[in-house]
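Only one chain is given next, in structure tokens, and it is the form predicted alone.
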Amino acid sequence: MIARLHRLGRAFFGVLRRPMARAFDAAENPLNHLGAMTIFFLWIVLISGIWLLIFFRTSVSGAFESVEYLTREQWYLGGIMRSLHRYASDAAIITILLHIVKEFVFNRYRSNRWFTWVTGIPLVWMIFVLGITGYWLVWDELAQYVAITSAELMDSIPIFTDSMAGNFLSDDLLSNRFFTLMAFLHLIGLPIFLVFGIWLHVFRLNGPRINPARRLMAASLIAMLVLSALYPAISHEQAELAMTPQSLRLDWFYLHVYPLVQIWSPGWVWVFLVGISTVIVIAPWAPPQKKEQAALVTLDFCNGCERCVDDCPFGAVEMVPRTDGTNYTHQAGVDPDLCISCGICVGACPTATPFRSRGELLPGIDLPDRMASALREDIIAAGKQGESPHVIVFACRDDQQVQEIEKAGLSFVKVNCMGQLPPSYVDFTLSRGHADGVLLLGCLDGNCSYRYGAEWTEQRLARQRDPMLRRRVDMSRVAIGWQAPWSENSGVVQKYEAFLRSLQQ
């Protein structure tokens, strides 16, 4: 069942990617920056909200009038800001939901990644509550509907002694303090918790990227400004609690659950919402997944260079005081609760060299389940297959291209992540005659399952990041075949044959 959902989700993203790939290059494709785009849209919401707050009056009569003033009399700025506030809020819902689906279908929520996944669920709730309280502040007919329906939902929770819905029986019962409270929650209280929640969501990651590309931010902002000018957000008629609104324009991004209150009872709506949230929260453990062994440090070969610390995408490696009494002051330490066995730390270790002729090949940091020595043996074995010119393909274990490679009978070596492959292994493969060419396969467009595997690999091969590929290596004998993880037909055989022809020339 889970695997089927993953396949369907990947096919969905494959459909989305086609038009996006034509409109944006890899670094600016919105599908590669969904989490960062959500934060960017929330910044727009915050800045536009501050402007609206300057003119907002926290009273029963003043709330509607101040919003109308901004919309109609100050349309050139206040009206634009209100519309921008609305459209950025809607855009944040789209990107955050796509972000959740993408992380799920590409299996980036299980094992030691559960913390980031679970802490994301309260963020979704807070964003929805922020949007809903924002509608209350307008105090038009839609706000009246939202307020009364929300009160019915709150009254169904058996923890409140007084009925909230009773405050909306007539205009006389509604006080100005209600709008003061709503303004505080919407503009100060909830945003503070949201900022803390975002920090909690990403703080375990090493170098989280919370800002998308500048041109992508500029294009998004311009698009929303144009939309705000062409289709400005406008209010319904002013709320009158003595009358029931007859026609409403619902914001289906935030208010999609509210019609259910008229179909079901409020209690069943809560069961539905809490049920969905519970299923999402327990998803990392359903079904349970076998825990892989964390990376291990061999102190005899660890000099505390910190490269593994810099390159670990999940902050699982840190420098700790030395324990073996040598002259080095620090050593690498691995937190098994954070390590997901990607092997990128091995690719960063300068002692992970296959040229070692004396003693056992043990780098300063290694994976027990996929040791550097075993990787060297696989290269030697793959080098004995095929005729000259011979190409060895290196592929990530979870890459869909692996199946095509196996069917085609090509010589290949699996790594947990392409970032696990130290540049010295490419040098070893070519200089020792195990292959005439090396083809590296991994994830395209920043979609590496381990965040930075493909990016660090490119920088190491380009001699821009330690450990660097030796300059003696002829780069015409090295090819990269990155592919988006949602692509069904990668064309890896065609890439292989094209690379093979280039070696024959």
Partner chain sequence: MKLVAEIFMYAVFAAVVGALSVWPSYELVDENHAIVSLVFSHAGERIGECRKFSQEELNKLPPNMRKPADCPRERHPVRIELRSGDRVLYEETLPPSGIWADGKASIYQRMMVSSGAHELFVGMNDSGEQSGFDYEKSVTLDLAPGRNLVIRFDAQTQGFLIR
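On a predicted model such as this, the values are computed, not experimentally measured, just so you know. Residue numbers count along the first chain shown, from 1.
What follows is about the form predicted together with the partner chain, which we do not show.
J.: Does the partner chain, in the predicted complex, lie within 4.5 angstroms of each residue among Leu53, Ser111 and Leu194, using heavy atoms as the measure?
T.: Spot residues vs the partner chain: no contact at all.
J.: Just one of 43-51, 24-32, 463-471, 58-66 has heavy atoms within 4.5 Å of the partner chain in the predicted complex; which?
T.: Stretch with heavy atoms near the partner: 24-32.
J.: Under a 4.5 Å heavy atom criterion, is Ala165 part of the interface with the partner chain in the predicted complex?
T.: Yes, Ala165 sits close enough to the partner chain in the predicted complex that at least one of its heavy atoms falls within 4.5 Å.
J.: Taking heavy atoms and a 4.5 Å cut-off, does Pro245 contact the partner chain in the predicted complex?
T.: Yes, Pro245 sits close enough to the partner chain in the predicted complex that at least one of its heavy atoms falls within 4.5 Å.
J.: Does any heavy atom of Asp335 come within 4.5 Å of a heavy atom of the partner chain in the predicted complex?
T.: Contact with the partner chain, no.
J.: Does Tyr87 make contact with the partner chain in the predicted complex, using a 4.5 Å heavy atom cut-off?
T.: Flag for Tyr87 set to yes.
J.: Could you check which residue among Pro350, Pro259, Gly386, Pro122 gets a heavy atom within 4.5 Å of the partner chain in the predicted complex?
T.: Contact residue from the list: Pro259.
J.: State the residue from Leu190, Leu361, Ala91, Val402 whose non-hydrogen atoms include one within 4.5 Å of the partner chain in the predicted complex.
T.: Selected option: Ala91.
J.: In the predicted complex, which residues of 163-179 put a heavy atom within 4.5 Å of the partner chain?
T.: In sequence order, Ser163, Ala165, Gly166, Leu169, Ser170, Asp172, Leu173 come within 4.5 Å of the partner.
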